[in-house]
Structure formats: structure tokens, C-alpha cells
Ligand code: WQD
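Just the one chain here, laid out as C-alpha cells, in the form predicted on its own.
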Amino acid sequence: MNVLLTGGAGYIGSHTYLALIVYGLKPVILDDFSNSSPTVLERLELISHKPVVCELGNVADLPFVEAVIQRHKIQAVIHFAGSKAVGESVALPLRYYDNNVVGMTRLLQAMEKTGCRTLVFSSSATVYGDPAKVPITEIFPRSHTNPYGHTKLVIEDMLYALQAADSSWKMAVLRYFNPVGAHPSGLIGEDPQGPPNNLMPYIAQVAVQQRPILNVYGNDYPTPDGTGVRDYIHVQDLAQGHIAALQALTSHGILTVNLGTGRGYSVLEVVKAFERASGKSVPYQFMPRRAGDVAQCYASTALAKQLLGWEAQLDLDSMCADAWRWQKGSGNVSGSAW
């Protein structure tokens, strides 16, 4: 099967590329490198020992995407391309609606015109807003607290409507929780532009003294150690979830599942695990709670196991060990977001 990965040079896309290669599928990357580095293509070739096929362009360019699908005889699309920083979405909402919603609309139009009707969509746990309880199941009410989350919710509704109108579409909506870690080779991983928005890369940068201290927002939550609890999933497990989704779509029209581990880790648990993995001290200081943060957020993974036959295999220590191997590597290129 030939699979198009939009945004395939990015953090999750590049790891999924390698998972597809191992599984015997033929991935084609489509990326404009607006939030990634072309250097990742060399590293994918180094790891996979295969030449990378990459098309340079934007997913919203309808004629271009049509031509790519036809040229490579694409049978399925995994859609990663889009903007993803919550804070930036609040400051630049039009960019987010344009990149995410309009980009998806153009991609679906290109797929429809070329007869390619199998899609795996990178959604997010942000569609649950502030959940009333945990673990979060897929039938929880959806809401949003920022434009980024709203774009994911709008796209989900677009996919449901399209599949209801035309049952020939096969679609998987994968709601990610908190992807972390890196490829065990240490050659690809997450390298955010500017100050990290996520906990793990921030901890890693403190460990290598790129940043002086970790700010922990809130130590008075109703959790075992007072700090916020989140569901962290190794990016390698997440990549395998996409393979499982493609397989499941042979017998499902549309499915929506959480991809997480099913348990939460507190901020301090992650700090201690990273210190074990790295042998480095991670100094931190407590700060007031941030508006909008919740005490606990973690997934119910029962439906993913039932529908996909998938569950996460790697624990927090593995996540930290691989993130540390990537962070300390000499090939880590500042300013790229792999």
C-alpha cells in the first residue's frame, strides 16, 4: 500500500514513516518544512536504509495534492500537517483556521477527485476541553478552550459528515494524548522552536542546561503530590497506533479512538524519571496555577484495544531514556521541529 504522510517530516510523522517502512508499506512524505527540517529526510534514510520519497509543497494546494496522489498511486492518507501550539492559536486564530480547517478541506477535495478515500486523522485530546472526570472515554462530551482545539473539533465534524454522506470513505480519528520520547536511534525526536510548550522537551533542555530551571505550575491540585497529572505516550507507540488504524479500516467505515497509555503521571513523577534516565539534576520551582489547567487528564484505552487491537507498550522510563538520548545527541538541530 502506498501511503501519503502530510506533514511527514514532523515529529510524529517521521516516526510513523519508519513504522510504515518496517511494516512493509510504502510511505510518501508531503511537507513544506514550515515547521520541520529537511535534514530529517537524511536521517530517515540512515535509519531505514531506503531512499525517502518526499514532495515539497503545501497540503492546501489542491492541484498539487491531486497530482501527488495520482503520481504515486496513493491508496491511503495519514494527515499530520497543521499548526499545533495552543498559545499561538490564541494569538493567531486566523492562521490556525486557515492551516488546519482549510488545509483539511483542500486535502479531502483532492482525495475525493482522485478516488483515494482512506484517511487517518491526527486529532487530539484537546477536543474534550476540561473533562469532568477521568479516565476519558470517547463518548465524553466534546468542547474546546482555544482555537487549536476548535480546529480539531471542526475537522472531526467535517469527517463524520463526509462519511455519513458517502459510505465509501474509510476514516480513523485518533485522539492523541501527550506524545513524548524519540526514536531509539537518537537520530530523530522532538525539537521545538523557541521555548517548549510541552513538559518533556522543557525538562530535557533544563537537564542539558539550555534552560536554567523548570517552572511547575501548581502544587496544590488534588493529586498524590499536588502537581498536574497527564497521560504521556511514547511516540513509537503512537506510530504503531497509526498502523493499527490502517488495518482496522479494512472492516470499519469510521472509527474514533483515544491513543494514550491509560494512566497518568504527575509533573514530579516525570521529573524524577528523567533524572533517573539522564543522571542529571532537573531543578524546578513551583509557580501559581495557570488558568485553564486541569488537575488530571488521562485516557481510557479500552476502545483502542477493542477496535484496533492496539495498546501502548513502552513505560515512562523508556520515554525519558529515548528523549534523553535524542536531546544529548550532537545532531540535534536548534530551530527544527522534528
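Each residue number is its position in the shown sequence, starting from 1. As the structure is a prediction and not an experimental result, all values here were calculated from the model.
There is also a form predicted together with the named molecule; it is not shown, and the following applies to it.
The named molecule isn't shown here, but in the predicted complex, which of 181-189, 210-218, 108-116, 163-171 has heavy atoms within 4.5 Å of it? Residues of 210-218 come within 4.5 Å of the partner.
is_contact(Tyr232, the named molecule) in the predicted complex, heavy atom dist at most 4.5 Å: Taking the distances in the predicted complex, the answer for Tyr232 is yes, it comes within 4.5 Å of the named molecule.
4.5 angstroms heavy atom contact with the named molecule in the predicted complex for Asn198: Asn198: yes, in contact with the named molecule in the predicted complex.
Does any part of Arg276 reach within 4.5 Å of the named molecule in the predicted complex? Heavy atoms only, please. No, no contact at 4.5 Å.
Taking heavy atoms and a 4.5 Å cut-off, does Gly264 contact the named molecule in the predicted complex? No, Gly264 sits far enough from the named molecule in the predicted complex that none of its heavy atoms falls within 4.5 Å.
So which of Gln236, Ser89, Asn99, Thr126 reaches within 4.5 angstroms of the named molecule in the predicted complex, heavy atom to heavy atom? That would be Thr126.
Using a 4.5 Å cut-off on heavy atoms, what residues in 148-167 are near the named molecule in the predicted complex? Just Tyr148.
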